[in-house]
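Starting off, we have a lone chain in the form predicted alone, written out as C-alpha cells.
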Amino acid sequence: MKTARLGETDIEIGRLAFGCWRFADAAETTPHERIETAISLGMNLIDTADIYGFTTPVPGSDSDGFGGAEVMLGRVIKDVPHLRSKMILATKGGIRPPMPYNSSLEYLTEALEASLRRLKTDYIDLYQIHRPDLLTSFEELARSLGYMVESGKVRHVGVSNFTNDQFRALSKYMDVPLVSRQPQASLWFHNPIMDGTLDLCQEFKAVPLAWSPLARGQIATGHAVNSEDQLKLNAVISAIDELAQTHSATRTQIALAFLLHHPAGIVPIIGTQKPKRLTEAAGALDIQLSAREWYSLLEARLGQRMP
C-alpha cells in the first residue's frame, strides 16, 4: 500500500487506516481476523479510543462498556504478539460521560495508564485528545501531552475534532509537535476542505486522519440519514456513480479516492468490520482521479460550479 508520513516523524503509515469505533459491536468475524486483514492490506495505523465500546459491555471493560474496544484489541495483541510491531497503535482520551469532556492533567494521566493496561502494551504510537475540553487551558493540556511523550509511554501526540483556532492555540504552548488532526471528512461532509482545516494541516505538517469518510454509510448506500438531504445526496451519488463506471470502480472507492487526491495527504479511517469491505476500500488506492473529475465531485456536493 502507498504510505504517508506521520507528521514530520520517521513513521510511515498506510494511506488508509483501520478504525475500531465498532470493534466491540461486530460479531460476524473475530477481532483477530479483522486486525490481521487490515494489516495485510497495509492499513497499519489502528485507530481506537477509550470511549469506543461504550454502551456495549465487554468482559474486562467498565460495566457501561467504556474501554471495550481497547480491551478487545489488547487481547489480539496478547494472543498474537508479533502484530504489535506491525501496527501504528493510535488511541484517544478525554471523553468521559457524563462529564462529558475532561482533559485535565490528572485525568489524562489516569486515562493513559488505563489505556495501556487495556491494550496490553508498554507504549502508544499516537495519543490524541478526542474532543476539546473547554474547561482545561491549552497551557495545561500542552503540559499533559508533553509529559506523555517525556515518559516514553507515548511516541507522538495529536488532536481530534479541534477547531482551527483551538489547534493553533494549543500548538502555541506545545514543546513537542502535534503530528495529527482527526476531523470528520468526506465528500458529503466537505467542511474541512473549505474551512481551512486541511490548509492548517499542511501549514503545521500534521497528517489529517479522516473519520467517517463515507458519511456514516450514506455514500455507500445512497440513503440520506436526514430525509431532507436526499435530493442533494442523489446529485452526489449520481456524480460518483458516473465516475465509478468510468474507472470500473465502486462508489466506496471513488469516494475514498476523492479524499486521497487532496494535497494535504488525507488518511481515511475505514470503519467497516467486514474483511471483504476492507479489501474493497483498499482498491481506492489504484484510482487516480483527474483534476476535472475531482472538481466535478465537489461541484456536485456544492450544487454549483466553482466560481
Ligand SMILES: NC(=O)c1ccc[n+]([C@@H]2O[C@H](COP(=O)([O-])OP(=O)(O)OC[C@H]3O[C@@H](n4cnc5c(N)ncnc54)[C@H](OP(=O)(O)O)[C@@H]3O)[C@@H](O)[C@H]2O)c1
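In case it trips you up, residue 1 is the first one in the sequence shown, and so on. Every value quoted in this text rests on a predicted model; they were computed, and no experiment measured them.
There is another form of this protein, the form predicted in complex with the named molecule, and it is not shown here; the text below is about that form.
> Just to confirm, with a 4.5 Å cut-off on non-hydrogen atoms, which of T221, N164, Q202, N191 contacts the named molecule in the predicted bound form?
That would be T221.
> Though the named molecule is not shown, can you say which of V76, L178, V154, L214 has a heavy atom within 4.5 Å of it in the predicted bound form?
Of the candidates V76, L178, V154, L214, L214 is the one lying within 4.5 Å of the named molecule in the predicted bound form.
> Exactly one stretch in 164-172, 127-135, 143-151, 101-109 has heavy atoms within 4.5 Å of the named molecule in the predicted bound form; which is it?
Looking at the partner contacts, the answer comes out as 127-135.
> Within a 4.5 Å heavy atom cut-off, is D47 in contact with the named molecule in the predicted bound form?
Close contact exists here: in the predicted bound form, D47 approaches the named molecule to within 4.5 Å, heavy atoms only.
> Should F258 be classed as touching the named molecule in the predicted bound form when contacts are defined as heavy atoms within 4.5 Å?
F258: no, not in contact with the named molecule in the predicted bound form.
> Is the gap between I270 and the named molecule in the predicted bound form 4.5 Å or less for some heavy atom pair?
Result yes; I270 sits at the interface with the named molecule in the predicted bound form.
> I'd like to know if W294 sits close to the named molecule in the predicted bound form, meaning any non-hydrogen atom pair within 4.5 angstroms.
Output for W294 is no: heavy atoms all beyond 4.5 Å of the named molecule.
> Along 168-183, which positions have a non-hydrogen atom within 4.5 Å of the named molecule in the predicted bound form?
Sequence-ordered list has one entry, Q182.
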